[in-house]
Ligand SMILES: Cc1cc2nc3c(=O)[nH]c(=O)nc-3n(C[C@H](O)[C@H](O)[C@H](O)COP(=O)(O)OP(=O)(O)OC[C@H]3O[C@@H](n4cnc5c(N)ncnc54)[C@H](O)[C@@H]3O)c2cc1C
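What follows is one chain in structure tokens, specifically the form predicted alone.
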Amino acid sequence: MKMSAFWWDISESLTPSGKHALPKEVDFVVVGGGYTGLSAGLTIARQGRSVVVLDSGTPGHGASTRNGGICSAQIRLSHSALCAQYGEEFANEVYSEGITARLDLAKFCEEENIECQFQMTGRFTGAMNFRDYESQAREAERLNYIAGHKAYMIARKDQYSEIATDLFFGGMVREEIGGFHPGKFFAGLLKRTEEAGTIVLSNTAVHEVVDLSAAGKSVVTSKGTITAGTVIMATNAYTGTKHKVGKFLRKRLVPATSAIIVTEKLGTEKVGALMPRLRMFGNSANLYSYFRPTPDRDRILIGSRSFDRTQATGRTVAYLKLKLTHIFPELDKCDVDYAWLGNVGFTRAQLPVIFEHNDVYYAAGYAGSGTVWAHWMGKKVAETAMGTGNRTSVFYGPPPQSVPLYDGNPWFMPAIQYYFAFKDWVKIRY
């Protein structure tokens, strides 16, 4: 078993060219070299501005190539919950922007010739009990009033047409959702970003951003200081706790660790028998699980909570394997070939955000759906910082609320996970 991401085993390059040193002065500095940072850098460079993307480690080796590759632009709060909190107009705008962001990602891959096995498969979300099924049915009805959505219910008696399991009480299909290969997408995005003239640097930690007033910002890094007109923070759930530069964001963003395993090769026939429509999958549990066929459709990937913070241990792997066999009992004896962890970032509102504070721009808070949102928000935060674009994101606004008694170390996450696990235990039994 490899304790590394399945997506890293590709022939395409996942590392920057290394042709450039740290420049002395640029129009824009982007901090963070994942989907958000590279998308921002690409957008800026194509407007003829000079831009450098700085990553404290290897660009893309955070959430961008550690995710499950499900392209959903999922919003944690249901449409009905958003309506209750913010009103129907805002809820409709949020879910509409999700459609726009997904279409933009698909268009980007096609136009830029990024071969990342983007497949518009649809997603089936299994209901853990009949009450969840009824709630899903009401949600599907709401979503279908918003252009671009196509949601419908699959009754329990018919669910073998979607997935060969008796675990669920039916579920909801959303046809506008798909999946891709995160590593291949990152490799293609990195190549296009560098081709556009963006300088992308690895192992360049940003320690501090000093205001130079009319002269812009002085960005202090581990490799020297650079003067920039504008700074964009694109670190999301990998902001860390070491440096002053991330302090404002990390008080407002909670990193949660998700774990993923990938099975041995099962063969396309076996995977097709278990997942006849080869969709993306999820469930209605509080401790959400997501699963899918890998892009070559010969293995199965499943992700959920993690017991670990830095590297998957046997306990986490066993937990995910148990999740898998609850869905597919016949996979009880199959081997696990890959296991890894990755962070996802949550704001208190559980919504993505674009905001500005002290003349620094931020994009963050994708709540586990960054395959779509990170690319989109990187583009939108760049447009916002440049003052271009014909429409700002619905997520652009004031900074998110800070989390009380918190400075980047999510000490309370184990208690929250045990609480959700208890709620799921109750849900399954009653």
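Don't overthink the numbering: it's just position in the shown sequence, from 1. Keep in mind the model is a prediction, meaning the values are calculated, not measured.
Separately, the form predicted in complex with this ligand exists; it is not shown, and the next lines address it.
This ligand is not drawn, but in the model of the complex it has a heavy atom within 4.5 Å of residue 63.
Although the partner is absent here, residue 342 is a contact residue: one of its heavy atoms lies within 4.5 angstroms of this ligand in the model of the complex. Mapping the unseen interface onto this chain, residue 236 counts among the residues with a heavy atom inside 4.5 Å of this ligand in the model of the complex. Although the partner is absent here, residue 99 sits far enough away that none of its heavy atoms falls within 4.5 Å of this ligand in the model of the complex. The contact with this ligand in the model of the complex, taken as any heavy atom within 4.5 Å, belongs to 205 out of 103, 167, 164, 205. Checked against this ligand in the model of the complex, the candidates 260, 177, 200, 232 yield a single residue with a heavy atom inside 4.5 Å, and that residue is 260.
Stretch-level contact analysis of 43 to 51, 395 to 403, 27 to 35, 380 to 388 against this ligand in the model of the complex, using heavy atoms and a 4.5 Å limit, identifies 27 to 35. For the partner-free chain shown, 366, 368 of 352 to 368 come within 4.5 angstroms of this ligand in the model of the complex, judged by any non-hydrogen atom.
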